[in-house]
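Only one chain is included here, represented as structure tokens and corresponding to the form predicted alone.
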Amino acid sequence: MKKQFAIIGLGRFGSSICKELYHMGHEVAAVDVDEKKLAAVKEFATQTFCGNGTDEALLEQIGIRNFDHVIIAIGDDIQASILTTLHIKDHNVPNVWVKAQNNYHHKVLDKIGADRVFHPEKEMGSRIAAYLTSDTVLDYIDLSADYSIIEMLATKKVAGETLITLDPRSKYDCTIIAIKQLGKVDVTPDPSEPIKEGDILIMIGNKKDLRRFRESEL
């Protein structure tokens, strides 16, 4: 379903999101104070606006209250990020996602009502670290400081095991929520079906428990 997005701040992160959403067929309004950055994404945006997200007149011109999602990806100007978030929340946009520069910035954004706060550099660092330290980790999504969803490659060691015999919930307090085979995801895997080498186990749990499972079973 086509949705309407506004991206405020067109650094590398904001520009990347703009292009990806546009390629997915969504309507994207791109906003930045730098005309060169706007020109660089013009072919990947439905509309472009030159201005500052703290300018309420500009937000009215854009019709910001009509957007499903607003992503605030302002670079190093924390004050501008906070003020832009305040203004957009005042327009009752249902989903306001904001890039944070540090933990202090994150706390302030939480206090003023940002719907989601993310640290792209930190999150990417976690993913890269997971890839570098394990041959079996294929993807890694932080849910909080303690919990993650992780995709792990089933090795020869678990081939032939089933969810019943493997029993990660009671042994490690983590759960296999789906199994991916040949590009297809089974969200209700048969617990008696043998796991095959090369299957992708999609698991959720505490990071320490997921690490224990990986080190012991894979």
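Numbering starts at 1 and follows the sequence shown. Source: prediction; values computed, not measured.
Missing here is the form predicted together with a small molecule; even so, the following discussion is about that form.
Check: So in the model of the complex, does residue 113 come within 4.5 Å of the small molecule, heavy atom to heavy atom?
Finding: Taking the distances in the model of the complex, the answer for residue 113 is no, it never comes within 4.5 Å of the small molecule.
Notebook entry, point to check: Using 4.5 Å between non-hydrogen atoms, is residue 12 touching the small molecule in the model of the complex?
Noted result: Result yes; residue 12 sits at the interface with the small molecule in the model of the complex.
Item checked: the small molecule contact at residue 51 in the model of the complex, heavy atom, 4.5 Å -> Output for residue 51 is yes: heavy atoms within 4.5 Å of the small molecule.
Next item on the list: Flag residue 109 as yes or no: does it have a non-hydrogen atom within 4.5 angstroms of any non-hydrogen atom of the small molecule in the model of the complex?
Entry: Although the small molecule is absent here, residue 109 would stay clear of it in the model of the complex, with no heavy atoms inside 4.5 Å.
Next item on the list: Please pick, from 153, 41, 33, 29, the one residue with any non-hydrogen atom lying within 4.5 angstroms of the small molecule in the model of the complex.
Entry: Contact check passes for 33.
Checklist line | Among the candidates 80, 93, 137, 100, the residue which, in the model of the complex, approaches the small molecule to within 4.5 Å (heavy atoms) | finding: When the small molecule is considered in the model of the complex, the option within 4.5 Å is 80.
Checklist line | Interface stretch in the model of the complex with the small molecule - options 33-41, 154-162, 172-180, 189-197, non-hydrogen atom within 4.5 Å | finding: In the other structure, the partner sits against 33-41.
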